[in-house]
Ligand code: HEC
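So this first bit is one chain, no partners, the form predicted on its own, shown in structure tokens.
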Amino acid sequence: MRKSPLLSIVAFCGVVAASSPFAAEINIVGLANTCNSCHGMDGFSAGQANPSIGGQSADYLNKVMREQRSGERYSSVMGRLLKSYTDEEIAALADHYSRQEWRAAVQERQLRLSLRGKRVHNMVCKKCHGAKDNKAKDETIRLGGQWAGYIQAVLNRYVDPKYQRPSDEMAEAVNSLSPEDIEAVSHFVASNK
């Protein structure tokens, strides 16, 4: 029995349509649940190792996840996880987390570190991140209230030549800082609520 070419084309189109990201609505709750173990419920991380992402700008989150997926931005785990995500799923996750309320991490403030960090911040960081590091728009990350340990780890990667530096401007700024400056500015920025 001979198969109809038209029937084969219709069957093929049905398979393609069913596998298309537009075939079914994105299950954002299911996708977000995979993020909870590291980034916490609603994107509020419970510890220094992972950033809080709830309340960050959608543009920033989308950019970072795409860069991690492509390997353009360093990530220990995210790049591998995101390889299986479509552009649409990444955009949906970015939008979801941008709609969550930003919650600052409760951290101990040390006066000595804060004073030094404030001087460094005003000279190096303020022009892009703002006086309180609370921007959450476009591709600028909100840093005020982020975990100090996470900020310090990221800044240390910027001075380590073996890691990718997704921002030349940021790399140039961080390269002017000593390890003590990095610790101090991380502490100061984290304490800005």
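The first residue of the sequence shown is number 1, and the count goes up from there. Values in this document were obtained by computation on a predicted structure and should not be read as measured data.
The following text describes the form predicted together with ligand HEC, which does not appear among the structures shown.
- Heavy atoms of Leu113 never reach within 4.5 Å of ligand HEC in the model of the complex, leaving it off the interface.
- Contact check for Val77: a non-hydrogen atom falls within 4.5 Å of ligand HEC in the model of the complex.
- Under a 4.5 angstroms non-hydrogen atom cutoff, ligand HEC in the model of the complex lacks Ala105 among its neighbouring residues.
- Though the partner is left out of this view, Ser70 does not reach within 4.5 Å of ligand HEC in the model of the complex, counting heavy atoms only.
- Of all the residues from 56 to 73, those having a non-hydrogen atom no more than 4.5 Å from ligand HEC in the model of the complex are Gln56, Tyr60, Leu61, Lys63, Val64, Met65, Gln68, Arg73.
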